[in-house]
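Listed next as structure tokens is one chain, alone, in the form predicted alone.
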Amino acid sequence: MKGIIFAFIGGACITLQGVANARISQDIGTWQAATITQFTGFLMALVIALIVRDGKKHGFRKVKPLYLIGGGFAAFVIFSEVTAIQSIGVTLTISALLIAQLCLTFVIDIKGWFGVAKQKMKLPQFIGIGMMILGVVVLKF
């Protein structure tokens, strides 16, 4: 249950962040909005990490260099999301974003990339993705 609650909180925050970034980018530009968002996110994460102190300070050395670029993807996420929101609106953008995430996670699970255990996908999972795509098509019209 805890995972579901945090997933909903994360999803809500992604939407709120996208709307805020779209508004900020109208005033100062998309890459500037991404910069501000990344910086404020860094500051918030740093403050929370200093308060919570639940991690290992020296664990950074154990992280594979490939995974250290993960935060860099956020700049492209922000730019893409802002550009899409300005072009097709919030609902369609978030719907397409979620479908893209789900499709890539299917590939990651099937292939076992990034050290995750390989998963066997069955017909119901593919039908579910198809229904989501159909839902986005219906939303568009």
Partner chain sequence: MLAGILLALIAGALVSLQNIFNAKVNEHTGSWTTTTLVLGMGFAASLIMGLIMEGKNMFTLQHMQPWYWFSGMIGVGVVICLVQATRILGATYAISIVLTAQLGFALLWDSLGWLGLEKVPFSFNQLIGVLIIVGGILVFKLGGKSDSKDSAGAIERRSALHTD
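Numbering follows the first chain given and starts at 1. Everything quoted here is computed from the prediction, not taken from an experiment.
The same protein also exists as the form predicted together with its partner chain; that form is not shown, yet it is the one meant from here on.
- Check whether K111 has any heavy atom within 4.5 Å of a heavy atom of its partner chain in the predicted bound form, and answer yes or no. So K111 does not count as contacting its partner chain.
- Query: For 102-137: residues with a non-hydrogen atom within 4.5 angstroms of its partner chain in the predicted bound form?
  - Reply: The stretch touches the partner through L102, L104, T105, F106, I108, D109, F114, G115, V116, A117, Q119, K120, K122, P124, Q125, I127, G128, I129, M131, M132, L134, G135, V136.
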